[in-house]
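What follows is a pair of forms of the same protein chain, given separately as structure tokens and numbered structure 1 and structure 2.
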Structure 1
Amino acid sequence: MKLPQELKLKDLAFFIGGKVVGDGDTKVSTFAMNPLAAKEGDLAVLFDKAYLKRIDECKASAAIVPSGTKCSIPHIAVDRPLLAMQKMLGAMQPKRFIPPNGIHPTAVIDETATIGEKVAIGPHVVIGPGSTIGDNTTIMANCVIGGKVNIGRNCLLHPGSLIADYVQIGNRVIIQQGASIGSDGFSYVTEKMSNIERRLAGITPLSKEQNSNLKIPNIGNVIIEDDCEIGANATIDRATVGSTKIGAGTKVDNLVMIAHNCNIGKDVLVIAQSAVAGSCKIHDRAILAGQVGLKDHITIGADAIIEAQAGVLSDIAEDAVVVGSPALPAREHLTNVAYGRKGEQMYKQLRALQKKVDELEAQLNGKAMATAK
């Protein structure tokens, strides 16, 4: 990636806040996407352990590395390389094509809606009755905002995001394209006892009669607090009663499903393709890695980490790290996997021991019979 201009290492260090080691006049003009494929003129950022182990293979003109790292090329030592990268890329990012302040002539805005100052509303946006849009908020093309929605200041709604009636969104919230906020939850009931209920109660035989699922009205809403980001094509369902809540600073990745009445704390990370069933409570700073599935009505403790593809069927304690399906403490799961890999070998050893035991028993029985005679 081409840098906006050729930079000296010492100038870059001043900008990102780091210490130059080596020649501060070293110039870089491009940012290396892969540190191990870097060439002369490139700047490489090395923070991943796998790259740091192979740092001698890096051919970049300069690098950004964690403080205390041994590096033979001129480099900037920083405490947090990824944070340094965030500052640098923030300054490099190209202009985004967002609509200018004002309302595009194709937008459809109810006359009872309230639009703040310096708001940008793009083509074909729909804003329903009684909704409020805060100052400096940008709403890009084809967004649909229902009635009685409240969106705070300095928010950014990317194209095609859908905000249903009564949703409440705080300040500085980013909604990525295609996200759906406030759709109905998956809530149904049958007039007669369902076969699922029969199974749980141990009742047989199962019924073969028609027993339609009746939709339970969802009369609650969704509340998204300040500084959240909701990823592309993520869905967050409104509550059956009350609110589905996303706490301040929480980041929800692409293709995430959060069901009705969930209560997610502050600074939580919910990563791609995870699904959170209804009425779950996730405490502050917990992390759900990719493709995690949570059973309904469970609680995840603060600072817990749910590793990728875990299936969580019961509450997870504060600070716990779990993995697998059903999810277990990471050490216990890895121990089980290690033993499982030795299963065939252990089975063969057991068979061999059993054979020896059988032979010894046969010998003892033979001796006993000979003594009896």
Structure 2
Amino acid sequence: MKLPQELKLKDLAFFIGGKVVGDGDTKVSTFAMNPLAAKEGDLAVLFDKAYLKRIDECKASAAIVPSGTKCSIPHIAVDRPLLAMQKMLGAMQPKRFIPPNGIHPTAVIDETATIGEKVAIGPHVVIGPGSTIGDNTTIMANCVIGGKVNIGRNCLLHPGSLIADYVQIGNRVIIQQGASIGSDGFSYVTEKMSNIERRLAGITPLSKEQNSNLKIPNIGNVIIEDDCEIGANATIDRATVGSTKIGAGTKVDNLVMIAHNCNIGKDVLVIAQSAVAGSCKIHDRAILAGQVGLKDHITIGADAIIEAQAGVLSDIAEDAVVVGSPALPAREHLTNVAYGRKGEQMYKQLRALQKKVDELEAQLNGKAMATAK
């Protein structure tokens, strides 16, 4: 990876912070993603323990390392190398082709919409009646924004984002390609008692008559607070009544499903393909790793971690870590998995033991009988 220009280590330190150790005039022109594959001229960033252990093998000309690391090549010592890399990548970022400020002539903006200063609206964008777009916000090609939508300042909507009526979006929010915000929730009611209701009430037999699912209107909306990011092709449904809420700083990954009336706290991470069923409450900084499923009306405590592919059927406490489907505390789950792998061994041992006990019993009773004779 070429750097945008050749850099002296001391100049880089000026930009990202940290303390130069060794020759500050060392020049780097390329960046090595894998420090162990680095070669002369490369800058390497070492933040992973696995790499730090093998730091002596690193052939880069210079490195960024955590403060206190023994490192024989010229380097910048920083508190948080990943944070240094984040700053550095920001500077290295190639031009992204966002539309220029102004409204592209092919965009269809309702005359009652309010467009802020320095807003860039790309080709084929549609914005509905009464909507407001804040200053410095960019709306890329082919996005559709419904009526009475508010979008704050400094937002970036990637191409093909779909934002339905009444959705409220804060400042500095990023929406990735094809995300759908404000689609209707999945809620229906049957005219007659449904078979689900019959099962719950213990009524048999189930009805085999037609009993249509009537759509429950979704009169609520979606609120996305400041600094959120919503992933590509993710879907966030509007509330039946009130709002589906995504708290400030929360990041939602690709293909995630957030159902109607969920209330997600601040700085939560919802990773790829997770599904949060209706009316869940997720507290601040909780993490849903990939492909997690939450039953409806569940509460997830602050800082809880729901591990990948877990299926959560009941409330999870603050700081808890749960695994599996149904989800259990990590230690309990791992114990179950470990002993689950001993099933065959236990089965065979049990069979052998049964045989032995039968023999002992026969021996004992035979002896008893012999004694009795």
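Think of the rigid core as the biggest set of C-alphas that the two forms share within 1.5 Å after superposition. Quick note, the numbers are simply positions in structure 1, starting from 1. Model, not experiment: these values are computed from the prediction.
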{"property": "Selected structure - the one that is the form predicted in complex with another copy of the chain", "result": "2"}
{"property": "Hinge (C-alphas switching from one rigid part to the other between structure 1 and structure 2) among Lys49, Glu209, Gly68, Gln93", "result": "Gln93"}
{"property": "Interdomain rotation angle between structure 1 and structure 2 - two rigid parts, degrees", "result": "10"}
{"property": "After superposing on the core, C-alpha shift for Ala13 between structure 1 and structure 2 in angstrom", "result": "3.8"}
